[in-house]
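Take a look at this one chain, the form predicted on its own, written out in structure tokens.
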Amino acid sequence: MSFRDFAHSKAIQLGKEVIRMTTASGSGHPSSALSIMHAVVTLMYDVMRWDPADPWNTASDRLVLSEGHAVPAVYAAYADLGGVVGKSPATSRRLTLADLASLRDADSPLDGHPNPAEGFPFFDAATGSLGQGLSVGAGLAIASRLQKVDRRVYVLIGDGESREGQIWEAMDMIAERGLHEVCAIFNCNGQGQADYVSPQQSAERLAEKSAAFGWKVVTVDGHDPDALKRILTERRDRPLAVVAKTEKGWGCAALKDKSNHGKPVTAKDLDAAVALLDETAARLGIKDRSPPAPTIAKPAAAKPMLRPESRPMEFAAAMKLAGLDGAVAKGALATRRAYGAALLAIGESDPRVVALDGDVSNSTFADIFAKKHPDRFIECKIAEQNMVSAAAGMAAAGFVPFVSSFAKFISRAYDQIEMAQITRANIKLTGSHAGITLAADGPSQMSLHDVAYFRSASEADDGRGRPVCVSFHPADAVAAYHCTWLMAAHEGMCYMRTHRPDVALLYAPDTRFEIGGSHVLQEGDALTLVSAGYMVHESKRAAEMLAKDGIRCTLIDAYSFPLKTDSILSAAKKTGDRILVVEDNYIGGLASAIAEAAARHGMTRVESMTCRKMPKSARTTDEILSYCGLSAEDIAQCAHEKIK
């Protein structure tokens, strides 16, 4: 049988499975799945080097389905090939065609959109929030270079989603780095969800745009198996963009209209829809409707990237290695600088650690790592969404990516961060210049929502008994240093908030820190002050003012979420069950966490001082704190009022 006849036959066979499984589910996108069917067959049955029995092999060629809603096409092919599903090799089993009827069931590995964490390890990242898959592919390709693995990466992209700017961030980065391992396949079926795509996303315009970005571009009939195979197997010295002209609902006329996006065939129309595929097979001259699968080329065995057994470098040694020992001797160092020193120390002991930054490494101090390990530093420029998704791709390949930028700029990538959380990607995020203490640069550079955003993820279980995201808000260089090591040791996403101003050292170098921990910095009997980050220092100043008036306060540094609140509530009992929480961000962060815990106990009264007005530029940190009502004097005055 010729490859043309084989691919058409498989497309018909699997197309029927797509229609049946989406009908059984009562939801799904059969028309989109049918439009990519020939590309899926060509890749999974012929072009890709992979092993259906071992999808965890990171040396395999990879398929990223950016157009995640078309996933039934991949599920059908994977089941036909006997690919294994499961959350680990020890618990895996072969997927069968009968399993396809479980699409979208709560206990099924076949989620509505690609989701490897739920037991479909063929994929490397959760997709479906459109526009992100090519960035994941970029990360996988960069990882291939570092690992010296001959791994090709194919990314299927919808024409409608190609209006997303992140697609072109990734196109730019891939071309810049010459990642010829990457092949982007644009599925140009001309239809979006509500209407036809814009002429700007036509096959012709996508070809022109891709060429302008420096890619090799080939336009093909996306339902011509021979043409697809020919271009996908050619050797190339630059990234390839295949612009595939396709039909939504290929082979089933009942699904071709633009009104059918996301609509499965009804049960009463199922037989008629399947019959339409048979008519297509007859028209193409296909007689064998279920040919055996060819032998797939297997990849080489991957070398696992193992976690090294090492103890954290001592604080003093790390500061000296980073050239910051002089600043430490003076007793003041910004938490962002300590992060850079910690990243270098961790990178020295763990070759899996890579650093990604968005053109601000000399402000986040990721450049300390970059200067020593330039091969493991990825400059992503001003494209934070691409940076986070690329990090998810690198994590899928076994690396431990540390991603840094201003906390405000990281907020551009909250959607990408959420998709990485769904993936359970082991990435570490650090947002510097956070909060209002940045002062002079003004609110466009400050981050005031980040504490609430990341804290919300810390309160949810990721399905493995771990928080969806652990977060840290260190108050001094020692805390920032040790919290960075905690991020490296934790299996799962972490976020750390760092600050621009230099601050005094509060802790001895060997102080112990833990996820969810807090430290009592001083004890009193009048009021419990709880804070984190820079505001610990301002609260300390307020406590000193209050002490002059004979008012002794307990001061607690609550530096991590999910916060262990029992010790804080216990400490508050010694101060009349009164807590004042101070933070330089909007509401929803530390004060909210403590208030929720206090509400469960029903005794402790929690008051909060947060940023209650829109900040602006100010010449100094003290000036902006005063403007927002968060200066030490403001804290002391509020404490007086609460005690009265």
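Counting begins at 1, following the sequence as shown. Note that the structure is a prediction, hence the values are computed from the model and not measured.
FYI, the form predicted in complex with another copy of the chain isn't displayed, but the following is about it.
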item: Ala106: touches another copy of the chain in the predicted bound form, heavy atom cutoff 4.5 angstroms; value: yes
item: Distance check, Gly214 to another copy of the chain in the predicted bound form, heavy atom within 4.5 Å; value: yes
item: Distance check, Pro615 to another copy of the chain in the predicted bound form, heavy atom within 4.5 Å; value: yes
item: Contact flag, Ser592 vs another copy of the chain in the predicted bound form, heavy atom cut 4.5 Å; value: yes
item: Joint contact, Arg163, Asn362 and Arg412 to another copy of the chain in the predicted bound form, by non-hydrogen atom at 4.5 Å; value: yes
item: In the predicted bound form, the one of Ser518, Thr219, Gln201, Asn426 near another copy of the chain [non-hydrogen atom within 4.5 angstroms]; value: Gln201
item: One residue of Glu208, Asp278, Glu523, Glu544 in contact with another copy of the chain, assessed in the predicted bound form (non-hydrogen atom, 4.5 angstroms); value: Glu208
item: Stretch in contact, per heavy atom within 4.5 angstroms of another copy of the chain in the predicted bound form, of 546-554, 368-376, 300-308, 454-462; value: 454-462
item: Stretch 577-599: residues contacting another copy of the chain in the predicted bound form, 4.5 Å heavy atom cut-off; value: Tyr586, Ile587, Gly588, Ser592, Ala595, Glu596, Ala598, Ala599
